[in-house]
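Before any questions on how it binds or moves, here is one chain, the form predicted on its own, in structure tokens.
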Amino acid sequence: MASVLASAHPQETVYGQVGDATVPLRFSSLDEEYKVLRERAAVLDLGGHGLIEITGPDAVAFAQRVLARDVEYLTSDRCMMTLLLDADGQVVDQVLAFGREDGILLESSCGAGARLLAHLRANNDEGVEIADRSGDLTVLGLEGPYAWGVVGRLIDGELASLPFESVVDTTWNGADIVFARTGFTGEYGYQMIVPIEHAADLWRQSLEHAQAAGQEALELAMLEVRQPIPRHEVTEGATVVEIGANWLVDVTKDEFVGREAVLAAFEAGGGRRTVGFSGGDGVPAPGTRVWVNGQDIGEVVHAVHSVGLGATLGLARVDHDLAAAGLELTVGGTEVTTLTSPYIVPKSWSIPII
């Protein structure tokens, strides 16, 4: 699935395949786009996120069964992040669920729209209507410590101060859009779900007040605040607890797909946990072994060079009793130190919306 905004991107844009989507990895340089995200305001092409609408008399009951958090009372002015699991408790996807008057709208993680759609259809015991809206809607994001100012200049200043996970149906240049206060990076964040025919115009107008940032800068900023990135962190056999995504699951719900497996993982204890680390020479590949005192205790899950830290930043899945901050471990023959999150403190945490 190619970006519907490709024709509006600069010629030097570098693209990459993420799951079922071809997405802009960077428009200029990672360093520049990262600094825009952390210091000013960035506009994001989130067209790699699939949009799937669930409607019908049993739409909410169906969503309540397949989503791992409670959405029974998710109204049309709210959204929430949650997981979809299979019967074995394995993560299918991490989604944003939007309450709608006639059902639920789900936004997939990047490149996971087709997998999410297939999972929903395979579990549709209620006979609800499941429609892929990615052919007529797309998603644009605004993130950064001054993203709120862009919202004011672009649409309406009052929208900038919405509470987190609030949703408003509004218009832009005569087009109906869904506007949400969300965010992936710890900075002020907003999303706009827009009809495809108006997306390029909104993108160009956004660029009058912000700078474009690609998937590489976005995922680095997400990692720095320990925002889960499913495509990097979901590995075969890893439980929700081992991944560290248990905050996206509500085990007090009476029923959801995968609940018994999640409960078993909670009750079993032990196993491995995911912890951040920094340091070392170079960026270790996923699967690189992690050692302490000559003992193999786990493996690297994901690692990159952090522009903000000026060093390697990564996640390792290690024995649960060693998933703590301040430990010296060996990765790929070099020493690293485990960290507590967030690994970078977002500037937005100290800047009020004016």
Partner chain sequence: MTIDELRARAAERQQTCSQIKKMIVSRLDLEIDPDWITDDQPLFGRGLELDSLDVLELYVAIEAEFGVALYDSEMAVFGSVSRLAEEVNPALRA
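Treat the numbers as computed from the prediction; the structure is a model and nothing was measured. Residue numbers count along the first chain shown, from 1.
Quick note: we don't show the form predicted together with its partner chain, though the next part is all about it.
Partner contact region in the predicted bound form: 286 to 294, out of 57 to 65, 42 to 50, 286 to 294, 22 to 30, criterion any non-hydrogen atom within 4.5 Å of its partner chain. Taken together, 246, 321 and 327 are fully in contact with its partner chain in the predicted bound form: each brings a heavy atom within 4.5 Å. Looking at residue 342, you'd find a heavy atom of it within 4.5 angstroms of its partner chain in the predicted bound form.
Heavy atoms of residue 132 never reach within 4.5 Å of its partner chain in the predicted bound form, leaving it off the interface. Within this chain, residue 35 is remote from the site of its partner chain in the predicted bound form, having no heavy atom within 4.5 Å.
In the predicted bound form, no heavy atom of residue 219 sits within 4.5 Å of its partner chain. Contact with its partner chain in the predicted bound form, defined as a heavy atom within 4.5 Å, holds for exactly one of 128, 262, 160, 229, namely 262. Shown without its partner, this chain lists 87, 196, 251, 114 as candidates; in the predicted bound form, only 251 has a non-hydrogen atom within 4.5 angstroms of its partner chain. The single residue of 59 to 76 lying near its partner chain in the predicted bound form is 69, the criterion being any heavy atom within 4.5 Å.
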